[in-house]
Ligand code: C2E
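Below you will find one chain, with nothing else, as structure tokens; this is the form predicted alone, and questions on how it binds or moves follow later.
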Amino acid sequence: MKILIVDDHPLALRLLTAQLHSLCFDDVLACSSGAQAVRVVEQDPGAFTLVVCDLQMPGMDGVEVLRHLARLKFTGAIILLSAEDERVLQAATLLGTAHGLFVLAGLQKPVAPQDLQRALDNPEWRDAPKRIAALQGADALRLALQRDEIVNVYQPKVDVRTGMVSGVETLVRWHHPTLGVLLPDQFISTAEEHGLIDALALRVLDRALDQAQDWRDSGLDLVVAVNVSMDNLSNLRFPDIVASEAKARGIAPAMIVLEVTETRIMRDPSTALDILARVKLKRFGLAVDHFGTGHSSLGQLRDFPFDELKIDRGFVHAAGHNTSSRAIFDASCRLAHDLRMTAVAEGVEDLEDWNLVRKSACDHAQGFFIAHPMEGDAIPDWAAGWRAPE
């Protein structure tokens, strides 16, 4: 794994190199300017697995470097560094993501060794080249649906007050024959752009309902959440299809929550409102997913009949020492309750996050600290062994 570090201060370059060496990353190339780094990447965009880049540099700054990495279709991971206000760092991080880059973390300078190690402990950055899978297009995804390469996994949610398991979120994975396991952000946009999102959503829903029936038969009655795209909300038959599938398995609509994820701008608000209203009339639950990101808006919370507000992990993880994230998290919880909605914290990844959520007004939580996504058959044993930390 080859790492490129970019900083105009020689001392900072030496310090970062030493920190990476101490973490057993020895193949490190240092560049003293953004322009030099871009020239190096231009020679071979696939040579580096990770770029660590300062934002404030003379000449070409870190924001410009991000723009060039996007132009070069860089598929590795990126860590941004800055001594500027944390909101500037957060804005640059969001910008990198908007460019389609894999921004692993934004860290304040001087970089604490434990913060760098925490970022590098995330296994996703080592598999960053897999993110090119979405470029394979609709034919590969269509074939994957035919070959049953699309599978469900389930991440538990727990009640923050009681610590009891309250439900699961259904997550989709693509078991690609050569690239391994691919995450949704690597193929959902392909499904949306090529008219495959309905087939994908119905496949996920069908298997989630089968799994819910199996759990119920074994004595475990869980609320099951299934993600749907805004593009699914252009099919006026969608509420009837969901109701028919649930009825066929004897599952009460109240045990199913549809989580609406806005990865694209809503093209037809009136049709979406028609569908969501009918979903509610059929007694299914509705959640707005990743609130605070994407194209979600306060107007939609006002107009659409959501029961649940899921606060994006970007405002939950590490919010204990990020004043902006903490303010948004607390305000989101209050907003949910003022609108008579349930507040769910996503991205609870360590004990600090758990303690923050437990002391807040939040109702439910999910994240790696509670449980990683798992196959359906593993849920009963996990639920039997789960004990909420005191």
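Position 1 is the first residue in the sequence shown; the rest follow in order. Computed from a prediction, not measured in an experiment: that's the story for all the values here.
Form predicted in complex with this ligand: not shown, discussed below.
A heavy atom within 4.5 Å of this ligand in the predicted bound form is found for one listed residue only; from S166, T170, T190, Q300, this is T170. This chain is displayed alone, yet in the predicted bound form one of S82, Q211, T75, S229 has a heavy atom within 4.5 Å of this ligand; that residue is S229.
Although this ligand is omitted here, in the predicted bound form all of I197, T261 and E349 have a heavy atom within 4.5 Å of it. Under a 4.5 angstroms non-hydrogen atom cutoff, this ligand in the predicted bound form has D185 among its neighbouring residues.
In the predicted bound form, at least one heavy atom of P373 sits within 4.5 Å of this ligand.
Within this chain, T93 is remote from the site of this ligand in the predicted bound form, having no heavy atom within 4.5 Å. Shown alone here, F368 lies within 4.5 Å of this ligand in the predicted bound form, counting heavy atoms only. Screening 94-102, 235-243, 278-286, 220-228 for residues having heavy atoms within 4.5 Å of this ligand in the predicted bound form returns a single hit, 220-228. With contact defined as any non-hydrogen atom lying within 4.5 angstroms of this ligand in the predicted bound form, R313 is the only contacting residue in 303-317.
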